[in-house]
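What follows is a single chain, given as structure tokens, in the form predicted alone.
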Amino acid sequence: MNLRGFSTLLRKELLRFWKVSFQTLLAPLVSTLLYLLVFAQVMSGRAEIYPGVSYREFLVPGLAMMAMLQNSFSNTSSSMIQSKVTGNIVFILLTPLSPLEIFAAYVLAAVARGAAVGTCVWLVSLWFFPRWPAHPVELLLFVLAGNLLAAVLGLIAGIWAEKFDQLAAFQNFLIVPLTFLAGVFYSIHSLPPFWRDLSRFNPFLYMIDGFRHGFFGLSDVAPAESLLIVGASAFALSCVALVLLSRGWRLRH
């Protein structure tokens, strides 16, 4: 493994979002807190999803995971499309880096950004709802698996898209609906049978539900099942991304 080349590309990707942390970390934190304050205010005292868990507390892990997924996806997808549009992707492809090393650098940086956003959201939420996670190890597993899946999906989207408009359509018509309809604001058991069964095909549901189980020890789906589905989905998408990188699909013109 080319450790020097891999670490250099990883550092470049980490610095890419850290240099504009006001936009990449603070902006998601503010928007997530707005969701929390608005929905908590509207639904306060009107809903209790789990016994002993207020609706405000119920929202925190869902909103944190939603912010993580969207930012992990955005990191890999925006980095790839910018490199393609500006033409500097050729300087990465010409380096003695294997597709696996390129893949790992892009994805690890995105996972780091997603985890940083989630940590910021959780730390600020402690000011309002001081509650320590019931299963910290399980919570961390879902953080890693969920961010990994979203990062790989973003990498595939960045490789596929040839214009910023295509990437925006991918995010607006796929990522945003999947995250909003993944049980962030509700339990799937409150849905009619048809929509409840349909929600089972949304992989983002299992990320959010498993992450919420790490917080409260309560969930709609068994955490082992959720982790298995998320892990299998991330592995399948990783194989697709590695094949695309190795073939240089839409990267070499």
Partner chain sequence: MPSSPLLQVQDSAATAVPAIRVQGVHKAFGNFQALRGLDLEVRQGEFFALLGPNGAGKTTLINLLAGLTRPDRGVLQILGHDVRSDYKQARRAVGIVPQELVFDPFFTVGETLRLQCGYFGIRPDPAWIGELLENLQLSDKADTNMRALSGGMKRRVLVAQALVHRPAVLVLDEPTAGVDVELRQTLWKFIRRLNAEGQTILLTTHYLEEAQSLCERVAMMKAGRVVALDRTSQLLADHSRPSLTLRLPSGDQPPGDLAGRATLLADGRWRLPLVNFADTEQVLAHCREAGLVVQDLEVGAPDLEEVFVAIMQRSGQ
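Given the structure is predicted, the values throughout are model-derived calculations rather than measurements. Positions refer to the first chain, counted from 1.
There is also a form predicted together with the partner chain; it is not shown, and the following applies to it.
- Does P136 reach the partner chain in the predicted complex, with heavy atoms at most 4.5 Å apart? Close contact is absent here: in the predicted complex, P136 is far from the partner chain, nothing within 4.5 Å, heavy atoms only.
- Does I229 reach the partner chain in the predicted complex, with heavy atoms at most 4.5 Å apart? Flag for I229 set to no.
- Though only this chain appears here, would V121 touch the partner chain in the predicted complex if you measure heavy atom gaps against 4.5 Å? Heavy-atom contact with the partner chain at 4.5 Å: absent for V121.
- Query: So, in the predicted complex, is N172 in contact with the partner chain at a 4.5 angstroms heavy atom limit?
  - Reply: No - in the predicted complex, heavy atoms of N172 and the partner chain never come within 4.5 Å of each other.
- Query: Can all three of R16, V20 and V90 be found with a heavy atom no more than 4.5 Å from the partner chain in the predicted complex?
  - Reply: Yes, each of R16, V20 and V90 comes within 4.5 Å of the partner chain in the predicted complex.
- Message: Only one of 98 to 106, 160 to 168, 179 to 187, 139 to 147 has heavy atoms within 4.5 Å of the partner chain in the predicted complex; I'd like to know which.
- Response: Selected stretch: 98 to 106.
- Message: Using a 4.5 Å heavy atom cutoff, which residues in 5 to 35 contact the partner chain in the predicted complex? It's fine if the answer is none.
- Response: Contacts from 5 to 35: G5, T8, L9, R11, K12, L15, R16, K19, V20.
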